[in-house]
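Single chain ahead, by itself, as structure tokens, in the form predicted alone.
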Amino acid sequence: MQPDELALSFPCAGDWLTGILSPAGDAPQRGVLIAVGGPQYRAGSHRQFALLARSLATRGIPALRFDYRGMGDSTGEQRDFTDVDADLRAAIDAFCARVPSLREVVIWGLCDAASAALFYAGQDERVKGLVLLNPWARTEAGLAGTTLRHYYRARLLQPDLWRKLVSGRFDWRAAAGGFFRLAGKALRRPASAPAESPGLHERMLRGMRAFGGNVLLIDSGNDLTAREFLDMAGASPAWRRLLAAPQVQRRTLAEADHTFSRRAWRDQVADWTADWVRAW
């Protein structure tokens, strides 16, 4: 922890969540809640969440990162991103209580945390902005189609593939088998979800429709998760309309991987986030 950071413990449905607040400025009115994606805790992959929170704080934007129930230092049973509404609400309650000047909260989420933010945002009037990075829209057919469209196309342009072909070291049978298995999955019609239990794509769409605030969508150019979300959204007239709305800004880091693992990528994401949060 940095000397000015504060460790928080706050209740959530009978359990206790642990968070770290990076305070900033005098009476800030807008802060960023960093939601955790995947089975990890509040530091994030290669400490991205810790470094992001500190970067935002130095620019006058307070930030809170925290552990969901059952992760890191929080108590309770572990759950996945489809069941963290109560955790997000508890964290925002604690954030606003500790920084009484806050009037607006931005939820920042990478991967399935972006999807969780979409599920939750429309239920809480304090949430005025979302930063969504490589949202998780994974289905078996979607992944197969995205792999066929993006991985195999890129593979054809790689010199080592053609060197293997010329040298006779290319395994045609294995390659063809993998290709046709993916093609079969891509063409498979997804099972219909019951109306009372919408599927992932429908739940994300409902969340986006219900949220009337500002959105910053950041995608990595070298990430199948991001490609799968963009392929899904591009094939949907409803998603195309929502993403074309004036309150939605989009940024792409062409070379970046899923977690923005290089310092230059991580810093670029922090810069885009801070500039956007202060712009409206």
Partner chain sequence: MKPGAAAQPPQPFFLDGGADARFCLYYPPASFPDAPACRGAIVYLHPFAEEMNKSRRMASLQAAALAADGYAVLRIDLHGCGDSAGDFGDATWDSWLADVDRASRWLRDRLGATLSEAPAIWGLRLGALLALDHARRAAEAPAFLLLWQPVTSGAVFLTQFLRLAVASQMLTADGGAGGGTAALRTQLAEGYALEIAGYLLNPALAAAIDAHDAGAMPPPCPVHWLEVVPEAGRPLPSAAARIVGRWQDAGILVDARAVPGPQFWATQEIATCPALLDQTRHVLQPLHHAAG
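Numbering follows the first chain given and starts at 1. The shown structure was predicted, so the numbers you read here are calculated from the model rather than taken from an experiment.
This protein has a second form, the form predicted together with the partner chain, left out of what is shown; the following refers to that one.
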Hey, of 88-96, 72-80, 102-110, 205-213, which bit sits against the partner chain in the model of the complex at 4.5 Å between non-hydrogen atoms? 72-80
L200, W239 and R251 all contacting the partner chain in the model of the complex, non-hydrogen atom within 4.5 Å: no
The partner chain contact at A256 in the model of the complex, heavy atom, 4.5 Å: no
Within a 4.5 Å heavy atom cut-off, is P62 in contact with the partner chain in the model of the complex? no
Though only this chain appears here, would R227 touch the partner chain in the model of the complex if you measure heavy atom gaps against 4.5 Å? no
I'd like to know if Q268 sits close to the partner chain in the model of the complex, meaning any non-hydrogen atom pair within 4.5 angstroms. no
Hey, which residues along 252-280 are within 4.5 angstroms of the partner chain in the model of the complex, non-hydrogen atoms only? S261, R262, R263, R266
